[in-house]
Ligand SMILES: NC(=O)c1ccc[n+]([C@@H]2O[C@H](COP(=O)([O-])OP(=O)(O)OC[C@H]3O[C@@H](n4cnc5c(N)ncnc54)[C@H](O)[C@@H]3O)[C@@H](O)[C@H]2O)c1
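Okay, so here's just one chain, in structure tokens, the form predicted alone.
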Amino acid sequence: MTGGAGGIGAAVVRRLAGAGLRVAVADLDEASCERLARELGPGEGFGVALDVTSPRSVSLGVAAAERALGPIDVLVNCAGWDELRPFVESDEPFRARVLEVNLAGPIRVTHAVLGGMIERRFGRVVQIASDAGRVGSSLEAVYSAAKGGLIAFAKTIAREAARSGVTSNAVCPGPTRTPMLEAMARADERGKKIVEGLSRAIPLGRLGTPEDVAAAVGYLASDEADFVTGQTLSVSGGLTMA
């Protein structure tokens, strides 16, 4: 579970653990990973420092997780990062970081574990994308591009790995109360107005919660979703509709 120490990530970790899975909590914030892993109980969680932008960190992190808990049967890629910026005001380092964290990183981690799933003829891969990748999002041009690419990646892996008993799906949160969204709202008046506007526009009348997203991930990781692959599930309170 990458991004496991974040708002959505931690909720997913608890949801999967509640379903009886042993969970490797991977994140840049090693202390938070270890604290959450201890919360799950002895032998039920394992905290590991992992930087999705570093091939070496991914390789070492995956190896450590498998030594601690055994082969990875369920992968959830939740690590993500963004800031609200007009595209014309973005620069090369910013664009590169957004793409590395939100697209190249999940691809890198998936590559590190998918081969083992195929060999064992079982696996669940869930990418945490975003509705920004489905419909676009003002001030998030590069983030939207990265998440759109992640959705397409999930579908392609679904096609390639289906005969090996591996499913691959994407969950697309809409506006969700996370530390990243709160930071955007605090950054400036423009960000505050966008977040407030999104809250008013959601048909169900509220922002999403990390637990809303975790419920969708829990379903896709379960045996109940054995015949579900290549799908994109929006968790947006009706803000976007297929």
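Just so it is clear, the structure is predicted and the values come from calculations on it, not from any experiment. All residue numbers are counted from 1 along the displayed sequence.
Quick note: we don't show the form predicted together with this ligand, though the next part is all about it.
**Q** Among 118-126, 155-163, 86-94, 72-80, mark the stretch whose residues have heavy atoms within 4.5 Å of this ligand in the model of the complex.
**A** Partner-contacting stretch among the options: 72-80.
**Q** Indicate whether the candidate residues Gly6, Leu28 and Gly174 are all in contact with this ligand in the model of the complex, with contact defined as any heavy atom within 4.5 Å.
**A** Yes, because Gly6, Leu28 and Gly174 each have a heavy atom that approaches this ligand to within 4.5 Å in the model of the complex.
**Q** Pick from Pro203, Pro55, Gly41, Pro179: which residue has any heavy atom within 4.5 angstroms of this ligand in the model of the complex?
**A** So the residue touching this ligand in the model of the complex, by this definition, is Pro179.
**Q** So in the model of the complex, is this ligand close enough to Val101 to count as touching (4.5 Å, heavy atoms)?
**A** Yes.
**Q** Answer with yes or no whether Asp51 is in contact with this ligand in the model of the complex, where contact means some heavy atom within 4.5 Å.
**A** Within the cut-off, so yes.
**Q** Using a 4.5 Å heavy atom cut-off, state whether Ser168 contacts this ligand in the model of the complex.
**A** Taking the distances in the model of the complex, the answer for Ser168 is no, it never comes within 4.5 Å of this ligand.
**Q** Enumerate the residues of 134-162 that have a non-hydrogen atom within 4.5 Å of this ligand in the model of the complex, in sequence order, or give none.
**A** Contacting residues: Tyr143, Lys147.
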